[in-house]
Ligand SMILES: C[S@@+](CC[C@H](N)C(=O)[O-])C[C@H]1O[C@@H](n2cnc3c(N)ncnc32)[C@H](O)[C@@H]1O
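In structure tokens, the next block holds one chain alone, the form predicted on its own.
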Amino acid sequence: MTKPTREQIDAEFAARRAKAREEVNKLDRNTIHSEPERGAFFNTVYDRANDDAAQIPWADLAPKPQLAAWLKANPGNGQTALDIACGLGDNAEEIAAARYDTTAFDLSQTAIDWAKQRFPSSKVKYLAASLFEPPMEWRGGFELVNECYTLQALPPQMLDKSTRAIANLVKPGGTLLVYSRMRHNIETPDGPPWPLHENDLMKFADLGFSLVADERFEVVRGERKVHHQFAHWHKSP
């Protein structure tokens, strides 16, 4: 039997992912957009994936390029770092590779077990936890906090609570990185996801953060170009 080519493998994976995205989107839109329902949704997606990464539409199986570039320019020297809602672990591994003492968490225990399986020799401390009920020692405990796609995955009525919960994890004088879809229309979108307006991210300014850098770019999703932002925030000492 002829061994499939890399192109054939990638094409088959892409086809399964496209089908899974349709199913996940249907499941997503049928949930009540409250905190318990959002948690149940993510747990369901990971649990029913059955170790097939194609079933997790948001899992790139690679770190975000903007994060990787930032880490290359800002390597750690044992500083503490936290990766929020780490999923299958790619961003967390990139942070650890940049010499940060890295902790990563996700609401889903399945996601955490999967990340550990993918990176069995990892230096990352992976654990299941809630953004809204983190361990007490995490409060103001990290010199670098990375947030990717979490804010946009929660309903707009939770934005203030979510922003504050993230801000509370950053050590005074520390760094917060935020990667998110963006929208130009001020009106609340019909999510999920709920791309963020510029005013949404400026909520961090009200919580003692100053904006250091703000990169805007587009990510191609099939025939669509999706507006994104990668922001670097500094928390006042």
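None of these values were measured; they are calculated from a predicted model. Numbering starts at 1 and runs along the sequence shown.
The same protein also has a form predicted in complex with the ligand, omitted here; what follows describes it.
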- Though only this chain appears here, would Y100 touch the ligand in the predicted complex if you measure heavy atom gaps against 4.5 Å? no
- Query: Are any of the heavy atoms in L144 no more than 4.5 Å from a heavy atom of the ligand in the predicted complex?
  - Reply: no
- Verify the contact flag for Y149: yes if a non-hydrogen atom of it lies within 4.5 Å of a non-hydrogen atom of the ligand in the predicted complex, no if not. yes
- Message: I'd like to know if S130 sits close to the ligand in the predicted complex, meaning any non-hydrogen atom pair within 4.5 angstroms.
- Response: yes
- Picking from L154, A104, A115, A96, the single residue whose non-hydrogen atoms come within 4.5 angstroms of the ligand in the predicted complex is L154
- Item | The unique member of C86, I166, L71, V124 whose heavy atoms fall within 4.5 Å of the ligand in the predicted complex | C86
- Message: Can you tell me which of 182-190, 166-174, 39-47, 203-211 lies within 4.5 Å of the ligand in the predicted complex, counting heavy atoms only?
- Response: 39-47
